[in-house]
Ligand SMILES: Cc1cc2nc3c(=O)[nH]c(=O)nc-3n(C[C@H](O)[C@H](O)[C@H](O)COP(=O)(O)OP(=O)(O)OC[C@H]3O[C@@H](n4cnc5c(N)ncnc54)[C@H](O)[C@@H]3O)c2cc1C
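A single chain, nothing else alongside it, follows as structure tokens in the form predicted on its own.
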Amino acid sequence: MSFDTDVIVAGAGPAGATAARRLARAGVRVLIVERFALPRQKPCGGGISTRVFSRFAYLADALAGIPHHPVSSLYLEGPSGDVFRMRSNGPAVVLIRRIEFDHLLTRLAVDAGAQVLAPAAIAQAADDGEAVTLTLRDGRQLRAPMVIAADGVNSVVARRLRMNAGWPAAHLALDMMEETPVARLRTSEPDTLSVFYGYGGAHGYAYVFPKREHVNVGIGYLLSYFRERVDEAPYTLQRRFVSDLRARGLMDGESQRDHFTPFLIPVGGPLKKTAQGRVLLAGDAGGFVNGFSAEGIYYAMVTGDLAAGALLAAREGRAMVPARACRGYVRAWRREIGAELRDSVLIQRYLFHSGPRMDRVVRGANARPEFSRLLVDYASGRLSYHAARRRLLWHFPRLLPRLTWLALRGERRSPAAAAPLTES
């Protein structure tokens, strides 16, 4: 089986659909290969910082076609019960359901000229130097000069081409979440995004994301901590969390087992190899997730867009120069989001290993109103990450030497961190 294709995009999530749209709009023949029939559900908190509208101007109008819920109120709770509340002048986060959002982005790519093959599960990938061959589970083969692999945390393409030998447990978060209709489970504050740091242990967090017609409630742990320290089943933990919220008057209704889905999030930073031969990794497949907040949608769209841009910049006539595309892509993502993702992992390591540190952050946010202004300006896109970082270190100068120490310690531990792990 063959398609007249210049680029195959593996995965119809935010990274893949964004890449396919940009390529198709530039006249590139692009095929999206998606494992599941569309539209398909994807377990995810579904929160996107509103800076996405500055980066992708077309998205604001497109979102009018699906239910979405802008939120301007934030509730942070530390392990000891200290609370920080913040309300911005405008929305700082927009909440969506992935089944609707991903399908919207895929439709935009198709409208631009992309083709879609779904359901089509990739089983094998091979790069012979001339092109990449993807073998589907049913035996069909697809071949193209370039591939953008945006097929998620368990990327088959990345594994088969040995770009990812397996995530270390310390680089993954296990997120245990349900997305339930508000008719059956609802929060008492439908316009507030709530995060409970240190819930169930220093390495854990919990959250409530209210959406227009659903609510997302979940608990997350670093996978290494969960395996070593947590004895209960994921849904037992989830049901207890919902019960705790209900007892506190923060939630009404019952947890729904049929809406519960545990999933893995890569929170250890981008892979060392995100481009190789004729393949570029984008989104979760490349580890492009904020290590502290676990936000992945924004970075998926950015890396999908940058991967497409690198391929377009590497064109000579209708052909693309693979080495130039790889170099251009790595330079581009490092320049735009590299420092941000690196620092997010350091902050995660600093905070999630200590309940008292989380408490100090919550108390400090209450004592320093400039912190909330900084957070809102960064989340909304009014302030770049680099500018926000400079201001943060100006206000909290003792943070820099601590993060530097973590970075140096992480470098010394890097050989052990690279040990392969079979993913659950």
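All of these numbers come straight from a predicted model, not from anything done at the bench. Heads up: residue numbers just count along the shown sequence, starting at 1.
Just so it is clear, the following notes concern the form predicted together with the ligand, a form of the same protein that is not shown.
In the model of the complex, the ligand lies within 4.5 Å of some heavy atom of A15. The closest heavy atom approach of R98 to the ligand in the model of the complex falls within 4.5 Å. The closest heavy atom approach of Y58 to the ligand in the model of the complex falls outside 4.5 Å.
Remark: A158 does not count among the residues lining the ligand in the model of the complex, judged by a heavy atom distance of 4.5 Å or less.
The stretch in contact with the ligand in the model of the complex, judged by heavy atoms within 4.5 Å, is 259-267, chosen from 82-90, 308-316, 259-267, 243-251. Candidate site formed by G11, A120 and V289: every one of these residues places a non-hydrogen atom within 4.5 angstroms of the ligand in the model of the complex.
Contact with the ligand in the model of the complex, judged by any heavy atom within 4.5 Å, is made by just one of G78, G152, G328, G200: G152. When the ligand is considered in the model of the complex, only one residue from G296, P210, P322, G204 comes within 4.5 Å through any heavy atom, namely G296. Taking a 4.5 Å heavy atom cutoff to the ligand in the model of the complex, the contacting residues in 18-56 are V33, E34, R35, F36, R40, K42, P43, C44, G45, G46, G47.
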